[in-house]
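In the form predicted on its own, a lone chain appears below as structure tokens.
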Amino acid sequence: MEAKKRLFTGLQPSGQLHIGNYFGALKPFADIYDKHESFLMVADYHALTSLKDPVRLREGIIDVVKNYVAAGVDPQKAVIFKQSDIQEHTELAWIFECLVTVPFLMQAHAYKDKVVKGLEANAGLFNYPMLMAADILLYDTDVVPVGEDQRQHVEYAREAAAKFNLGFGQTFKEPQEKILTGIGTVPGIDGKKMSKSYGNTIPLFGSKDEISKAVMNIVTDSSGERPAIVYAIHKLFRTDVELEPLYDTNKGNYKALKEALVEDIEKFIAPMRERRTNISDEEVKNILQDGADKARAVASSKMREVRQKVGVAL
């Protein structure tokens, strides 16, 4: 029987999740993880580029594991672990940083976005792509499920692998991205990419009232018969065939269409929200401990090889 390909993904524990996180990261992983040898990382060190609150970070770490389990991921069928528990991630990132150039890192979307907005980017954000490359490459990853807007992360990982392999001999696999068909950037309530940093989100595990409040604030274009942003979000929960008669019947009636969207989101989220409330913090800690033991075995083996290749192992 053919061996399963290894899949890797991660999500930052940096606040309440929104439906963009679900369709961009949780759902792709939940749909395919059991068909692969899957590694799911809580990216707590990545979160430090923007989150400076230790209480919120600890809460976020617990929350992100609950979110994945609530979304249908079985901890017995995936290695769920915390990035900071595996020291090899930051060690390998340093080695990669010594192989790439400053202009190369300046092309990263997250860094360029900060610069364009006139904001100061910390060094962690600037080096972020190489830590992400280390995350992926440590596990001989074959497949990385990402949103269309995250394709560059995997391209950076491939580049880091290629540079290392060229300089020190074949060591790392060059992973491939798996783009979720039909889902690219999930729009927020203002039409921009849904993001906590923009404050334009619809909460994934929020109450019905919280969902309703967010949906009712979706920006609409009064010049058209169909509110484009409402429809784009609605398509995540129902097919075009199902939505066409609803939107035809309610042309110009944005309130009715938003109310229909609220009901569809609530119907979709309610079962996951209930599962989530039944997961204890202690269960999460046990899941992370078990996952760390499994991830460490793989990562430490790979780093022994890397240290030998670069010459630091005597």
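These figures come from a predicted structure and were not determined experimentally. All residue numbers refer to positions in the sequence shown, first residue = 1.
Form predicted in complex with a small molecule: not shown, discussed below.
- Three-residue candidate spot His153, Thr185 and Met194; every residue lies within 4.5 angstroms of the small molecule in the model of the complex by at least one non-hydrogen atom.
- Proximity to the small molecule in the model of the complex, defined as a heavy atom within 4.5 Å, holds among Phe237, Tyr128, Tyr139, Phe164 only for Tyr128.
- This chain is drawn without the small molecule; in the model of the complex, the residue among Ile269, Val262, Ala70, Ala43 with a heavy atom within 4.5 Å of it is Ala43.
- Just one listed stretch, out of 167 to 175, 115 to 123, 129 to 137, 73 to 81, contacts the small molecule in the model of the complex at the 4.5 Å heavy atom level, and that stretch is 129 to 137.
- Proximity of Asp190 to the small molecule in the model of the complex falls outside the 4.5 Å heavy atom cutoff.
- Contact check for Glu242: no non-hydrogen atom falls within 4.5 Å of the small molecule in the model of the complex.
- With a 4.5 Å cutoff on heavy atoms, Glu97 does not count as touching the small molecule in the model of the complex; it lies far away.
- Residue contact check for His18: one or more of its heavy atoms lie within 4.5 Å of the small molecule in the model of the complex.
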